[in-house]
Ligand SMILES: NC(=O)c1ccc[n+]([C@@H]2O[C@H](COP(=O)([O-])OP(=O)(O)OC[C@H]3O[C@@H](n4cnc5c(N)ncnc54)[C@H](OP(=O)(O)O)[C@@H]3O)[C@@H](O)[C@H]2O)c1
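Before any questions on how it binds or moves, here is one chain, the form predicted alone, in structure tokens.
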């Protein structure tokens, strides 16, 4: 049984990861601003804003997952410097804060690993994604740098999903026409469900991924990989 810290595990992909970890007989510590709906004997929740509050002290951990993200889509002419700062704080500085806080206990963990999140927009140029793509590209650089720095003790990887059916992406999937268009944009004629991303996360946190570090895993439904 491993103990995994999940930052932002009350909604969307994070919530799916928490549920999957618990069903796989892990202990989960969830740190988020929103209280989760689920409860479990192996589940502990801390109400905490990772950007503004002190992160709680935790005794042991074998994994760290940083889930918070943003989808701030605007033309560059309408993006303020504060927009860029906000996206960078949520996606990059929050992750750095979490890693720095829990690095010591992770080093003492059982085959420990760190999992971060990027986006397909870091690889595929997409209109109106300047701010989020800039911050998530920094996450990819952080993943590779930390992977090198912390080897061989801690593995560090990232998942770069395409559009996923969560509250965060609800504006992109708010009616049948938008859903149909989103499906058509992807060569596999689909977008992601949170459980699909959670399944990849569980694998990367597990000992089955013992040879993987510093990698960015594009869950793209073909949108980056293929041109049909």
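Numbering follows the first chain given and starts at 1. Since the model is a prediction, treat every value here as computed from it, not as a measurement.
Beyond what is shown, the protein has a form predicted together with this ligand; the following relates to that form.
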Which of 144-152, 75-83, 97-105, 113-121 sits within 4.5 Å of this ligand in the predicted bound form, heavy atom basis:
113-121
Distance check, residue 26 to this ligand in the predicted bound form, heavy atom within 4.5 Å
no
Does this ligand come within 4.5 Å of any heavy atom of residue 130 in the predicted bound form?
no
Quick one: is residue 67 in contact with this ligand in the predicted bound form, heavy atoms, 4.5 Å cut-off?
yes
Since only the chain is shown here, I'm wondering whether residue 34 would be in contact with this ligand in the predicted bound form (any heavy atom pair within 4.5 Å).
yes
Is this ligand in the predicted bound form near all of 109, 156 and 206, within 4.5 Å of a heavy atom of each?
no
Going by heavy atoms, what in 2-19 lies within 4.5 angstroms of this ligand in the predicted bound form?
8, 9, 10, 11, 12, 13, 14
